[in-house]
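In the form predicted alone, a lone chain appears below as structure tokens.
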Amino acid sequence: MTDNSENNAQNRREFIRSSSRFALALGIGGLGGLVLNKAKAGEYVWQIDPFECTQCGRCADECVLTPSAVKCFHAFDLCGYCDLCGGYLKPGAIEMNTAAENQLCPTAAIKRNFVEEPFFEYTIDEDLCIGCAKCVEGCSSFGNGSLHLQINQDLCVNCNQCAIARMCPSDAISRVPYDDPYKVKGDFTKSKS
């Protein structure tokens, strides 16, 4: 019986030691992340100008990350909350319903939620979004243009030579201050005159 008690006591001690080491490592890692995050202040990051973007689809393929750090963002202030959303439904679909074959997004990243008759709210599941711009093109062609692409700064590794920027046919990707990293389409103070 004492052998089992000693083994249990040793197992508990090992568990406590391992847990303590893990907690210490986690704390040091978190502090390191905080220091690195503060070091970015005053630097520049890559971002897409939604007023220059032509929805070419290259953001999905050219990013060094898979899936791309480019995601669809929704400027709710511009949205018409339409039942027949051009960014959600394929144009020319045989039936205008929410079946998968009628949705424009190839990964079902756009979620449609009923608000009140005849309005719907469209949200983007960033985990599913690949930055292909199909919804952005549809919204710009048949809607208010409230969907637009942005580089998600939580995902972007901020390459010195952004692969997407090099391939962008409209030169819509440039460096912006880290303190103000998003060019939101609804913010007309940042639009080009």
Partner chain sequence: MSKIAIYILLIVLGALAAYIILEDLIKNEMLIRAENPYAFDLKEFEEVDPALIKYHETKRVKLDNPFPKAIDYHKGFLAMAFQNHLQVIDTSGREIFNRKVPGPSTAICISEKKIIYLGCKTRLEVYDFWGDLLDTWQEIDTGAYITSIAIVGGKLFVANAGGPEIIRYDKQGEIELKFDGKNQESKDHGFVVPSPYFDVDIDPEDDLWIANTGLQNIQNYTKSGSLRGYWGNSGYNAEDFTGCCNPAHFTILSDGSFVTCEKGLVRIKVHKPSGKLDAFVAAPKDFAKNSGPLDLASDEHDHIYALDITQKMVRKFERK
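Residue numbers count along the first chain shown, from 1. In this text, the rigid core denotes the largest set of C-alpha atoms whose superposition between the two forms falls within 1.5 Å. Remember, predicted model here, so these are calculated numbers, not experimental data.
The protein also exists as the form predicted in complex with the partner chain; that form is not presented, and the subsequent description refers to it.
- Against the partner chain in the predicted complex, the set Pro91, Met96 and Cys132 is in full contact: each member has a heavy atom within 4.5 Å.
- Interface membership of Ala60, defined by any non-hydrogen atom within 4.5 Å of the partner chain in the predicted complex, is confirmed.
- Within this chain, Cys56 lines the site of the partner chain in the predicted complex, having a heavy atom no more than 4.5 Å away.
- The closest non-hydrogen atom of Glu117 lies within 4.5 Å of the partner chain in the predicted complex.
- In the predicted complex, the partner chain sits within 4.5 Å of a heavy atom of Leu104.
- Annotated contact segment (heavy atom within 4.5 Å of the partner chain in the predicted complex): 60-68, selected among 44-52, 60-68, 120-128, 154-162.
- Contacts to the partner chain in the predicted complex (heavy atom within 4.5 Å) from stretch 125-156: Ile130, Cys132, Lys134, Glu137, Gly138, Ser141, Phe142, Gly143, Asn144.
- Relative to the superposed core, Glu117 undergoes a C-alpha shift smaller than 2 Å between the shown form and the other one.
- The Cα shift for Ala100 between the shown form and the other one, taken after rigid core superposition, is smaller than 2 angstroms.
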